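The chain below stands alone and is given in structure tokens; this is the form predicted on its own.
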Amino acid sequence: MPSYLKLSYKPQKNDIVAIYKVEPSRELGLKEVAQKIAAESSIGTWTKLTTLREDIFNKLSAKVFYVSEKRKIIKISYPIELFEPGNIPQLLSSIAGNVFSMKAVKNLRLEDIQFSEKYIADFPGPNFGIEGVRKVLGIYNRPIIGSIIKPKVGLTPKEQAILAYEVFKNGVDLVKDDENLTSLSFDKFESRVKNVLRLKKRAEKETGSPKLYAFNITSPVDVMLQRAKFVRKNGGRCVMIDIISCGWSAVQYLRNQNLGLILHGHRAGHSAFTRDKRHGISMLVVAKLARLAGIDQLHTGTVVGKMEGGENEVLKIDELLKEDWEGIDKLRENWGKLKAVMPIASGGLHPALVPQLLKILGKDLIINFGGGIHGHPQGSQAGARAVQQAVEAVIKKIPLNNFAREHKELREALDYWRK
């Protein structure tokens, strides 16, 4: 069998590089397994082929150019000709497909994909991105304050609209459906859209500030498109997609419709394959694919909240979404015309966590509060004011305890959640 091990090889300008962490099965060495991964993910198979000509192999074979026995890291370079332009599913079928099922590996994790400028150029990327979302809301000097409707499901469309209106009126900029709320018997999608948007307009008129509501359109792709168009027809500006459960094909399809809607990407289910540090696919890879596919704002982690995800990991992801990126091995990617994605911190947040959150993640951020607003002892309106007050205090560089002396909602929130 021809060798895929080329340790002297330097990736070409248009190559795509995959970085894997590999734990070989007991009887195999790392270099041997690396070659099997390279073969399976490019043009080879388990045995020598009479149909594989030398010229094809030389042109299209993947090349293992880095092996670290100590770190169990391998890097494989792939000619760009192996990948259909603008096709994320095909990319993943190649470098994140059969390789995970091979008996030669005990554990395998795709840590990063480093895309060439030529590959990136075939994707539209976000329609709005950070600058566009900020322009729609007219917010430039602070994080965007978001709220998830709670309970997750159970409210009627009218109840949900009233709750959204109450938090919009008290400092929240963006409200979203939860990830498992689509069109249920007690809360039909179309009724929710009409009720919410009517009261959103009222809140905008009364506050003088634009507001966004992210309606969850997650569904089969034909229904998803119908729902997105319904939102647009009724004056909505934002829809939410559960990107993992819908899949990349659906995300790309919706983005390519050019509906003029902000695409809010929820990552529910990602930890099924991102959480194990030995096996699966990293959240960094998911974030890169979301930027390619055209998501405008993406849940990336809170560091300080209830969801798994350490500071270094979340910072790397947020950095990647915001700008051209110096990757985990210092190879700089040029994202060209693709706009930056707005990161979202969501999960287990409450007002007392705001200073630490913004210190770690910065101001180019949507901070989402579910229970941290609707669990306030004085109710959702007070919870919204408490979050707004916490953000104001941080922006003004005033300690929360000092600011809370003259802001009772914040004071009550600090007393309640610091117990």
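The first residue of the shown sequence is 1; numbering continues from there. Everything quoted here is computed from the prediction, not taken from an experiment.
This next part talks about the form predicted together with a further copy of the same chain, which is not shown.
Just one of I43, V391, L365, V67 comes within 4.5 Å of a further copy of the same chain in the model of the complex, counting any heavy atom, and that one is I43. This chain is displayed alone, yet in the model of the complex one of L298, L349, V133, A214 has a heavy atom within 4.5 Å of a further copy of the same chain; that residue is L349.
Only one segment in the set 94-102, 114-122, 134-142, 229-237 has any non-hydrogen atom within 4.5 angstroms of a further copy of the same chain in the model of the complex, and it is 94-102.
For K359, no non-hydrogen atom is located within 4.5 Å of a further copy of the same chain in the model of the complex, even though that partner is not displayed. Using a 4.5 angstroms limit between non-hydrogen atoms, D276 touches a further copy of the same chain in the model of the complex. In the model of the complex, a further copy of the same chain lies within 4.5 Å of some heavy atom of L82. By the criterion of a heavy atom within 4.5 Å, I162 is excluded from the residues contacting a further copy of the same chain in the model of the complex. Contact check for G171, V175 and E409: none of the three has a heavy atom within 4.5 Å of a further copy of the same chain in the model of the complex. In sequence order, K150, P151, K152, V153, G154, L155, E159 are the residues of 140-161 having a heavy atom within 4.5 Å of a further copy of the same chain in the model of the complex; the partner itself is omitted from this view.
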